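Just one chain is shown here, as structure tokens, and it is the form predicted alone.
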Amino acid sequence: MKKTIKPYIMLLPAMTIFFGIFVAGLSMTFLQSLGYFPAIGLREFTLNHYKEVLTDHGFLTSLRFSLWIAFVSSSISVVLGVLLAYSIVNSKHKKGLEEIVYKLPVIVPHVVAALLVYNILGQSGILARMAYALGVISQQSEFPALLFDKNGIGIILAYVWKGTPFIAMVVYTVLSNMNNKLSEVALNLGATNKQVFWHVLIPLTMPSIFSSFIIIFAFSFGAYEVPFLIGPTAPRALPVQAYAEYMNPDWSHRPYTMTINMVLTFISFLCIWVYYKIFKLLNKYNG
């Protein structure tokens, strides 16, 4: 009995601080989203703010934009990350590639990644200058506007640059520790490398691929820095919209802001629930 509860007792101080801050912040956000904000005299609970937010065209546009950015960037990152991990496993220069591919993009902050994308893809950036110098375009303003556009191309590219090495790192770890005998048996039975990749390696790494997808999807959906720096003003990403609403000097606007934050929190919890269900299903499928 003592051995059973000992780990929980040892974790209690850290977990109390962690969950205390989380639960306190979430509770205050939820109460304010319901209109309870005694600091400005609001003491009545209401769902009107939820009705107002969920029927607001600007909010729905921002929600679709954030989901679009998160889904597209995470999907591209997964494809590129898996191919990258597979190529590194089969490479003869693994150590050198690991040093470049894994460490650099993963440790670079998202703010710096946004600035790099700005300096490379902007109409006054490196690619535009190179295209102008090579005579591809007659002036730099002719370079395609990849930043601040309504499709979020610049944001997606920044997230892909950050997400791809993370996916590759996770999948590479699984592939490098996998028993090669399964692939060798398949090859001996006449399978091609392509068939081994799709029918042996991908199914075995699918739980890791999916869990990595959920992690970077949730992060891309809730991140603020990149869409704030290189995203469009219309539509705004939902975290940027929440920040703009939070900075409203009129405090009576605060319940509206907290309602947006509660929607962001709900979608994050939904990602965790989907992850748990599908991960459980995949484990059941894999036996």
Partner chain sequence: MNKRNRTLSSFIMHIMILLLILPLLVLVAWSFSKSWPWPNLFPREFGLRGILHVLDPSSRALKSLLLSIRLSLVVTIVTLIISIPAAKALGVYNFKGKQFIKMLVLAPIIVPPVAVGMGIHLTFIRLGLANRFTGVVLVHLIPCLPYGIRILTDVFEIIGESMEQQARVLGANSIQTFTNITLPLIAPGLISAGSLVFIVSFSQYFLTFLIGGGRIITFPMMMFPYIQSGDRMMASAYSMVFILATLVVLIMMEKAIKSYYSAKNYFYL
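Residue numbers count along the first chain shown, from 1. Just so we're clear, the structure is a prediction, and the values are computed from it rather than from any experiment.
What comes next is about the form predicted together with the partner chain, which is not displayed.
Proximity to the partner chain in the model of the complex, defined as a heavy atom within 4.5 Å, holds among Ser75, Thr173, Asn151, Asn193 only for Asn193. Site residues Tyr50, Phe71 and Ala186 are none of them in contact with the partner chain in the model of the complex, judged by any heavy atom within 4.5 Å.
Using a 4.5 angstroms threshold between heavy atoms, Ala234 stays clear of the partner chain in the model of the complex.
In the model of the complex, at least one heavy atom of Gly125 sits within 4.5 Å of the partner chain.
Interface membership of Met28, defined by any non-hydrogen atom within 4.5 Å of the partner chain in the model of the complex, is confirmed. A residue is said to contact a partner when one of its heavy atoms sits within 4.5 Å of a partner heavy atom; Ile88 meets this definition for the partner chain in the model of the complex.
Using a 4.5 Å cut-off on any heavy atom, the residues of 11-29 that reach the partner chain in the model of the complex are, in sequence order, Leu11, Pro13, Ala14, Met15, Ile17, Phe18, Phe19, Gly20, Ile21, Phe22, Val23, Ala24, Gly25, Leu26, Met28, Thr29.
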